[in-house]
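Only one chain is shown below, in structure tokens, and it's the form predicted alone.
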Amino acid sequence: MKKDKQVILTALLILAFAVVPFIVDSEKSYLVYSLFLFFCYIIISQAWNLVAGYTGQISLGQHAFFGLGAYTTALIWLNNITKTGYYFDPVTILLSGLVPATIAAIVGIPLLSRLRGDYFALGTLGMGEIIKVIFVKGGSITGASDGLHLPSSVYSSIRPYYWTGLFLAVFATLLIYLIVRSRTGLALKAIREDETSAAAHGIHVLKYKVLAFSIGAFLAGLCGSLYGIYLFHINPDSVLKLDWTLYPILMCVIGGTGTITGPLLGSFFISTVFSVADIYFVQMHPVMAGILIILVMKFMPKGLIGLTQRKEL
């Protein structure tokens, strides 16, 4: 009965978000843009949460997968590779998730088989910076430091971005929920708690770690694709900056790492703070983010979800 109520409340909340563009002027209201960013933050936070929160592998390379998603969309669009239309084309967006997932699997096998803890974190950070340099030095293929320009004339309204962001946020959260509640989720949590014990009980540690790493990259790539379509100008400074690694970490820590609802709470909290900062404290995001991390780690080590005194499995 309690679960049914939760499902109903969740459905009503999603419906409430879905009708916002009909209630306010979507082209003039800052609320619609803020919620669009909130949905993007949910996607990348859930992606990082699966890898770090449930598998125990701290990744500092999410910005690489986010950027790969954006660049994949741009390259497919500008070179007319799939011949499927491109502007909010599901095929292009899906491929923009699959490319980072494939790269994550290729890179993840050597990294995850040899590196753990801080060494793995530094390895993924190095991977992200290498990918960034490749795109900066990519010449006419990647547009070098100037990047790639998509035809912005196709833009008509922010509404498609808003609803696509909402859909992908729900999809990402539901996907993580289903994974966590499955046998795969049990294996991931066993690896997080003790890799040696997990291996002794017959769990193929490397396989599950690479799987989680690839799924996280897939979701980050989907988000990067959507954000790239929104920008129409994809360059290293916009889609490959470290913010896209630091933001999900910040949101998961504030909301509660290793939980389903933690990234939702953290994303909402941070997107609200950043929206206020954009209006009243321009260019103060890094300072505010640093202060928030210190305060949360000091007074709320389990994040906002810890205030409910409920432990989520």
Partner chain sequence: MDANSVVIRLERICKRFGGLQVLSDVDLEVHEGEIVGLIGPNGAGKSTLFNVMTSLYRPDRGGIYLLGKNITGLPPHKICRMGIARTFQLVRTFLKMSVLENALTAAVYGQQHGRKNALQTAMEALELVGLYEKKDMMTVHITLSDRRLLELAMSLASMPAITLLDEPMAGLNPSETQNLLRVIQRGRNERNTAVLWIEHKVNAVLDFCDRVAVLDYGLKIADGKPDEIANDPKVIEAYLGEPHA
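Residue numbers count along the first chain shown, from 1. No experiment lies behind these values; they were computed from the predicted model shown.
There is another form of the same protein, the form predicted in complex with its partner chain; it is not shown, and what comes next is about it.
Colleague: With the cut-off set at 4.5 Å between non-hydrogen atoms, does S153 touch its partner chain in the predicted complex?
Modeller: No, no contact at 4.5 Å.
Colleague: Please check if T184 has a heavy atom lying within 4.5 Å of any heavy atom of its partner chain in the predicted complex.
Modeller: Judged by the heavy-atom cut-off of 4.5 Å, T184 is in contact with its partner chain in the predicted complex.
Colleague: Does the 4.5 Å heavy atom contact test between E193 and its partner chain in the predicted complex come out positive?
Modeller: Output for E193 is yes: heavy atoms within 4.5 Å of its partner chain.
Colleague: Mark H204 yes when one of its heavy atoms lies within 4.5 Å of a heavy atom of its partner chain in the predicted complex, and no otherwise.
Modeller: Yes.
Colleague: Please identify the residue among L95, I103, A121, A198 with any heavy atom within 4.5 Å of its partner chain in the predicted complex.
Modeller: Flagged contact: A198.
Colleague: Sort through 221-229, 83-91, 67-75, 176-184 and report the only stretch with a non-hydrogen atom within 4.5 Å of its partner chain in the predicted complex.
Modeller: Comparing against its partner chain in the predicted complex, the contact stretch is 176-184.
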